[in-house]
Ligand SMILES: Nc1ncnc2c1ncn2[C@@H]1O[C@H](COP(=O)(O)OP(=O)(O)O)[C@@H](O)[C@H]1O
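Listed next as structure tokens is one chain, alone, in the form predicted alone.
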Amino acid sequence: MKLDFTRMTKLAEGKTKAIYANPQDVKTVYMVFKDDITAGDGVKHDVIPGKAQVDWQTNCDLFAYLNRKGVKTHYIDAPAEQVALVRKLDFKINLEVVSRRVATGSILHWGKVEQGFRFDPLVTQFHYKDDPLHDPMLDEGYVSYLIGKGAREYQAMYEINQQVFLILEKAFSRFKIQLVDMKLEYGLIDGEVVLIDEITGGSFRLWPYAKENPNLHQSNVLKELDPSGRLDKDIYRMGGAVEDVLAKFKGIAAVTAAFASLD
């Protein structure tokens, strides 16, 4: 399908995607992936030729799989390369929702846990999307209070995040990879909370298994996994060469392409 975006209205543009109105259907929009990559709340920025194509492939594979699993999402189809057709939002919720299975990253600095600690049940946190403020986390007690008072949007985001994590954790385990943590975003469509935005190499951490049959049900699983073989955006955050980042993202796409054959 040939799409001419020079003739379409650009509704928004972020760090990694642009959104265009669909002249044929006011209830849908086109989400166009870009080659840009950022880290440090946008402070670090590069353009990696080919990244848009790889991210698009990964995103389409994952959203199609989640749709099949009954998750409520905005994703409809992939009408052209680097383009996703999605349902238009009534309202975007300005939060990132993070679920964690294995402790790493920022939680090591403030969570009083050591690297590799296994969270069971999952830890799920809400962060306000604001780069200058470094995406501050909402107080967990206050979020629990809101849910207890009937704030259905928070309850829905919490439940969907947990649902998606468990679905993808099981899927990646089929390829001897541990889903370490994951951040997702949400919006409202016809009054219903749905999963939106993208799920790509910048959305999660993925660590391969370090051995054939790892024991992943102990309190610390660091020795069972191989962080040095990570397949995610941490390569870029840690100063890796852009060609290495692209190679890792291609590795993710190769795995998620096989999700179409999973039950």
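What you are looking at is a predicted structure, and each value in this text was computed from that prediction instead of being measured. For every residue, the number given is its place in the sequence shown, counted from 1.
Below, we refer to the form predicted in complex with the ligand, which is not included among the displayed structures.
Looking at Leu225, you'd find every heavy atom of it more than 4.5 angstroms from the ligand in the predicted complex.
Mapping the unseen interface onto this chain, Lys129 counts among the residues with a heavy atom inside 4.5 Å of the ligand in the predicted complex. In the predicted complex, at least one heavy atom of Asp197 sits within 4.5 Å of the ligand. Using a 4.5 angstroms threshold between heavy atoms, Gly14 counts as touching the ligand in the predicted complex. Checking Leu206, Leu66, Val29, Val54 against the ligand in the predicted complex, a heavy atom within 4.5 Å turns up for just one residue: Val29. With the partner removed from view, the residue among Lys88, Lys72, Arg118, Lys176 that has a non-hydrogen atom within 4.5 Å of the ligand in the predicted complex turns out to be Lys88.
The stretch that touches the ligand in the predicted complex, counting heavy atoms within 4.5 Å, is 79-87, out of 165-173, 97-105, 79-87, 146-154.
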